[in-house]
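The chain below stands alone and is given in structure tokens; this is the form predicted on its own.
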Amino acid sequence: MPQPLPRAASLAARFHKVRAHSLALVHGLSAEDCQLQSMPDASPLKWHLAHTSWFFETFLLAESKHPPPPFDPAFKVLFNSYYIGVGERHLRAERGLLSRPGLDRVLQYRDHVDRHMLALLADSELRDTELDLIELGLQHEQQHQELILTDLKHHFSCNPLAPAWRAESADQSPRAGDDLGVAFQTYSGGLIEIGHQGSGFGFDNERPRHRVWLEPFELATRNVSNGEFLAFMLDGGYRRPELWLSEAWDHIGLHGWQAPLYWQHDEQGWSVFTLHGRVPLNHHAPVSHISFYEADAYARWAAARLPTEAEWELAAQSEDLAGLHGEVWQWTNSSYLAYPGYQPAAGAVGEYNGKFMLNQMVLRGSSVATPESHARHSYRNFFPAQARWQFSGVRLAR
């Protein structure tokens, strides 16, 4: 029976695979495609490629026993995201103005970091803390792989030519069972435990595992479909103030929302912009790109509610639920707050999650854009209530 690889060797193999996947995502795109920044919340693809390299250079190579010279000292500021403890940062909303360095220079930067990181991983004396940081860096890059797709989709949606990233994608793939109506699974609740457990990776915001009391509840066995959300719209959903939270009603009025992001109506009917261009709306695909505001309003219209994240995590242990992962992130009714006893990581990497625990709502599951090995039941994604450029949808609870 083959013996498992030492941790450093296993991480080296994963490092190569994860880093190669980032490049595969931008394969076939032009330098102009990778330069776009369509809104402050989205970043140029070139920036994602550089920032994920910056993470390894800043937190590992620069702190190693024999640090290599920095590839370019200016990159320390240009590609810092929100790590205030590391130093100055270029404004997020102005990342699209960075025509220099060019894409070729960024790819050279990635090669430089990869060479030195693989040399570092060949060091038999790496400490566990260094190996933990490498794992964090890989998980961080997988998060940015999802952002590469969600940001590119928003960038391309602003182009009247409706360009495609690939000829086909899982963006609007059909899903069986939608014509059978909405079924609910019953859970007895009680005193349960949630949070990350085991020896595998988990972000600090998934810990510590702790007890939560739940009253009995029901959770839908699948996510809400486009067709079901369209019924809400045709019933005046966006025009009925009794369905909306006060802040949500003000927001949709201010921004003129009448449908999910990327939906469009013309004489041919409803269509939706996808990663493979604009296509007719698939009524059976899960509704996507809706905000917490819209998910909450739909749930009220459907005489239901959104689940709490604890309810979602308990139910996720069941084998009777479809689409928990690989379709859409599912909004919960839980504010993004620290678990009891939460401790952020030491040093600048402690800024990774904890400092965002304000004015954010938790989403659970994973989406079509999430790398498969990155998904787990205890994962806590989070965004402001108005955000909808991510692949975010809704699963009903009662």
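From a predicted model like this one, the values you see are computed outputs, not experimental measurements. Position 1 is the first residue in the sequence shown; the rest follow in order.
The same protein also has a form predicted in complex with a further copy of the same chain, omitted here; what follows describes it.
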Residue within 4.5 Å of a further copy of the same chain in the predicted complex by heavy atom, from 255, 100, 127, 115, is 100
Selected contact from 167, 84, 303, 234, since only one has a non-hydrogen atom within 4.5 angstroms of a further copy of the same chain in the predicted complex = 84
Could you tell me which of 291-299, 194-202, 258-266, 276-284 sits within 4.5 Å of a further copy of the same chain in the predicted complex, going by non-hydrogen atoms?
-> 291-299
Does the trio 31, 35 and 335 actually contact a further copy of the same chain in the predicted complex, every residue with a heavy atom within 4.5 Å?
-> yes
Non-hydrogen atom contact residue 184 with a further copy of the same chain in the predicted complex at 4.5 angstroms = no
Is residue 270 close to a further copy of the same chain in the predicted complex, meaning a heavy atom pair under 4.5 Å apart or at it?
-> no
Report whether the minimum heavy atom distance between residue 189 and a further copy of the same chain in the predicted complex is within 4.5 Å.
-> no
In the predicted complex, residue 122 touching a further copy of the same chain (heavy atom, 4.5 Å) = no
Relative to a further copy of the same chain in the predicted complex, which residues of 75-93 have a heavy atom no more than 4.5 Å away?
-> 78, 84, 90
